[in-house]
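Okay, here we've got a single chain as structure tokens, the form predicted on its own, with questions on binding and movement later.
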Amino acid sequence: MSPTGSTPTSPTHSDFPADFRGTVLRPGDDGYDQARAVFNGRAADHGPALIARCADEDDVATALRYASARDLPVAVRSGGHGSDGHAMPGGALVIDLSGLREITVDPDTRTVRAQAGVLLGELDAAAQEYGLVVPSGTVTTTGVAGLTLGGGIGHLMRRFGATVDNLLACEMITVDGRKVRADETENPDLFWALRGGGGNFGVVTAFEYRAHPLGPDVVSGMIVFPGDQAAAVLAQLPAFMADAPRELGLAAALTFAPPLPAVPEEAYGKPILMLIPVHTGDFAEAEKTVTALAGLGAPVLNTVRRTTWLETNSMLDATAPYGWRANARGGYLAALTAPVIDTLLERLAASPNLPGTVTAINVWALGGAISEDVDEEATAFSRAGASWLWETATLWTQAEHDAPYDAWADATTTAMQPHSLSNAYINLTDDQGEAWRRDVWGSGAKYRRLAEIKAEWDPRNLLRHNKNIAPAGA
């Protein structure tokens, strides 16, 4: 079996432990189809053999001991938002953490503990009750577990760093069912690997984060330029962001104008460039910064305003409908150069852009805390040399659209390869094979360290339904 392959579909796991306190679902059971629904609707094409919906940490340990005794690979589902669909592979034994939703906020120490089933919208809401925020992602239905274990980027990364830069500890169940803690002093090598190495080492059941004072109000919105201005506006962004404060987060989306009331009717379906600024600093400074940003061209729409953090960090939800079919590709850029911009515009123009689909090529500005405040070797998450991040975001509902969008994603990956760094953010791209995985975490030395830690904690590679790191010596 290949490291990322599915388990055979024949076992029904009829001997699954009777003392498992959660819900056990097999094909045909009431609730099975609902339980196997994840962000990427393509995962529903092939259902798992058994879904073990855990009631608590003891259930996780029970399921892992069962799998370990039988040498069974397992898949892990928390938020289920990974575009690869690794949370629900066909024929697999799935450990479902979606019921573990407890959140505890300590406003005195500014720490937040969240169980692995918590979604970003829930994390934001709980922290905002105390005027705090944990830097995370940009879509509220994303799970904290996958986001954190892969690194975690979002609107606040330039100010506060990646999610893993604010991670204080993990509570984990090992593949043989032991409960362990990982932090800077207890199991520090494991803690290093969990900050960006994905779900390769054990099943993390809870995360402890450092939170920051923020809100409730920030300045955010969208500035929309017609497609014929896209190249000129994008070309000015590097100089603009070089002088921008850390309080400014910025994404740029090349897409096709949706038929929304705020969008001029004459723009419907045509290429546009959408800038998405999020300013979390002084409001007067925010107004100056956003005015200057809009002045990079002649926008046809500007919705930037003072609003709440909770509204801000949910404004992209509409671009990521849960359960649609998807693929995703992406990578880091050392610079946003003219050849890069030309390639991005060419790839947008080449999109199938079929009716009832969503297509975007997003470019995120890095810099600030995520690029400057944490040493590359401090965590498994790599960001060395990266000033920008590009990603494709394509979503559709019909299986017959798989082939044209997969072909477009492959061609876009090929076109961007000469401009992209070999390291990347693993959460915003589908798996691209073993050679890619050996580079994606940065240096060869980092990958070897990850492989050695994998061999210590999961020597039989039972946790292989992920962007898999082969155990050293395997």
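Heads up: residue numbers just count along the shown sequence, starting at 1. For clarity, every value in this text was computed on a predicted model and none was experimentally measured.
Separately, the form predicted in complex with a small molecule exists; it is not shown, and the next lines address it.
Segments offered: 297-305, 352-360, 223-231, 202-210. Contacting the small molecule in the model of the complex at heavy atom distances within 4.5 Å is 202-210.
None of 272, 293, 153, 164 but one reaches within 4.5 angstroms of the small molecule in the model of the complex through a heavy atom, and that residue is 153.
For the candidate set 134, 193, 370, 116, a heavy atom within 4.5 Å of the small molecule in the model of the complex is found for exactly one residue, namely 116. Contact annotation for the candidate site: 77, 83 and 427 all lie close to the small molecule in the model of the complex (heavy atom within 4.5 Å). Contact annotation: residue 94 falls outside 4.5 Å of the small molecule in the model of the complex, judged by heavy atom distances. Contact between residue 147 and the small molecule in the model of the complex is found at the 4.5 Å heavy atom cutoff. Although the partner is absent from this view, residue 142 contacts the small molecule in the model of the complex, with a non-hydrogen atom inside 4.5 angstroms.
In the model of the complex, the small molecule sits beyond 4.5 Å of every heavy atom of residue 336.
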